[in-house]
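Shown here is one chain on its own, the form predicted on its own, set out as structure tokens.
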Amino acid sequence: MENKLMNLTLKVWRQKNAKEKGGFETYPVEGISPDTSFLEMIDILNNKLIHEGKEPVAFDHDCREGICGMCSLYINGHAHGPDSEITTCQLHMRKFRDGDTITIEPWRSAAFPVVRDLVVERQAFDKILQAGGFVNVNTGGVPDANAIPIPKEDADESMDAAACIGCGACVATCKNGSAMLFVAARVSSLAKLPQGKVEAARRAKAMVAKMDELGFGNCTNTGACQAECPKGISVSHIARLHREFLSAKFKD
């Protein structure tokens, strides 16, 4: 049995740049296959707009494999859309029904200003990472991967935290616009490894300070960030960030 093609109504946020006021514009799209990805559906819309002599909708994308985190869209009130633990590029139109109205917005955060339409500037995350710095302790030559024994539980936790792709869904979802889950994942991924111990105190303090400086909000433990994270990063990492930060302050 063939999948029935869908006709949809899209309410898309349009904004020329960060300084100009934006607003929603409504577009009909017809003949969309349920097997079409969400970004392919926007490609179809843009092809239609170009043929009509109109400006296409600007949106971010790169790998389209759920790795880079650039396809950051707020869809019907959910970061990356109604499916769980996926990025927007992994969302398919079978999650919607024929005749649906779909509202598409950019991330909403003072730290992520709109560049154009659905594209936001996420350089704030890069600045937080830069504040954290690299693991630059002198380790000599490159050791074998199994030269430093690490308990499997610690290795698993570190890898779970390192799965963060820095898309910003946690910030867009949080009512306070907090970046705590992102910072916690970055700190936690190194805190559980011996290579990250030497600079742990400086890293935690520097990244939290930069997060506050850039205008991200405070965490109030609602758990919305974990619920909408495409990689399912646990809020337990935020607890570890608190421990790392307080430990660093006590050492001071």
Partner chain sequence: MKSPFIVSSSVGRKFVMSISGAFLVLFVTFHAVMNGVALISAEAYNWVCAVLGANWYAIAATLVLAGGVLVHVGYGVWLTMQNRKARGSVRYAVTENSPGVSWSSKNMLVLGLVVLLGLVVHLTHFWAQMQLVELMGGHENALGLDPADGASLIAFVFSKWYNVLIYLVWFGAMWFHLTHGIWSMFQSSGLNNQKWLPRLKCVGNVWATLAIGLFALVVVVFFIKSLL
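Residue numbers count along the first chain shown, from 1. Bear in mind that the values here come from a model prediction, so they are computed numbers and not experimental data.
Unshown form predicted together with its partner chain; subsequent notes refer to it.
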Next item on the list: Check whether M211 has any heavy atom within 4.5 Å of a heavy atom of its partner chain in the predicted complex, and answer yes or no.
Entry: yes
Next item on the list: Find out whether any non-hydrogen atom of W107 is located within 4.5 angstroms of its partner chain in the predicted complex, and reply yes or no.
Entry: yes
Item checked: S72, heavy atom within 4.5 angstroms of its partner chain in the predicted complex -> no
Note to self: So in the predicted complex, is its partner chain close enough to P34 to count as touching (4.5 Å, heavy atoms)?
What the structure shows: no
Next item on the list: Only one of C219, V29, A200, L39 comes within 4.5 Å of its partner chain in the predicted complex by heavy atoms, so just point that one out.
Entry: C219
Notebook entry, point to check: Of these, C89, C174, A124, C164, which has a heavy atom no more than 4.5 Å from its partner chain in the predicted complex?
Noted result: C174
Checklist line | its partner chain in the predicted complex - contacting residues of 63-86, heavy atom within 4.5 Å | finding: Y74, N76, G77, H78
